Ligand SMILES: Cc1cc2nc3c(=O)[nH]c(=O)nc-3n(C[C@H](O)[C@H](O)[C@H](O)COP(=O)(O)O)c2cc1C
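Coming up is one lone chain in structure tokens, specifically the form predicted alone.
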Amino acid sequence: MNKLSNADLLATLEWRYATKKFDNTKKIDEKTWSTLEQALMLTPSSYGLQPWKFIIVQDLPTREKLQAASWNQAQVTDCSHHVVFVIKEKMDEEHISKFIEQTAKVRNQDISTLEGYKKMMIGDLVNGPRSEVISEWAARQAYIALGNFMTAAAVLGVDTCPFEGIEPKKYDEILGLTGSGWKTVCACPAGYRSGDDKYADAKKVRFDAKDLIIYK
């Protein structure tokens, strides 16, 4: 496996910023986007359960509606790909069984050997105390995917902007999610920065390492 050098990784993270203005004439090419899709799919999740979907909104009329539900931020319509991170509101045995079946298939494993793992997940997430806060649990998984997506995009030279400044319930209505068992958590426009985005060259403001990193 080829690795980025330490310097290259840090330079990439310095280059990345929350892009405020996208160049609406530039689109992410098919090969690069396919790689970013795979990066989303490779995101780690608790138990490996992937309690999410990633809705890629490309239809302009739909994006215009979403822009109105995003404090009218222009990135929604100007970006190349608008990614909406959606979570499963309640965990159920059907989802867990599907994951177990997929695990047995991918790893060429006797499904009966996974029965204990399946029961443990059901006991924790479906029937246990955590079932009462499962939506919050799933939202945390979605933010892992968001961070993974933004870092992968930066490595490929693609700009992003994490979006919490949205109205999730309106997103759900626009995307036909209301009553489906799935709901919007956040979004992330992706594409290429405009040459006149004044924030592109602004220095990052971070606390000193001594204020953030603790060794014991």
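Please read all numbers here as calculations on a predicted model, not as lab measurements. One-based numbering along the sequence shown.
Only in words, not in the display: the form predicted in complex with the ligand, which the text now covers.
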> Which one of these stretches, 158-166, 36-44, 51-59, 22-30, sits within 4.5 Å of the ligand in the predicted bound form when only heavy atoms are counted?
Replying inline: 158-166
>> Looking at 131, 73, 103, 80 here, can you tell me which has any non-hydrogen atom within 4.5 angstroms of the ligand in the predicted bound form?
In response: 73
> Would residue 117 count as a contact of the ligand in the predicted bound form, using a 4.5 angstroms cut-off between non-hydrogen atoms?
Replying inline: no
>> At 4.5 Å between heavy atoms, is residue 11 in contact with the ligand in the predicted bound form?
In response: no
> Taking heavy atoms and a 4.5 Å cut-off, does residue 17 contact the ligand in the predicted bound form?
Replying inline: yes
>> Residue-level question: is residue 198 within 4.5 Å of the ligand in the predicted bound form, judged on heavy atoms?
In response: no
> Relative to the ligand in the predicted bound form, which residues of 171-207 have a heavy atom no more than 4.5 Å away?
Replying inline: 204, 206
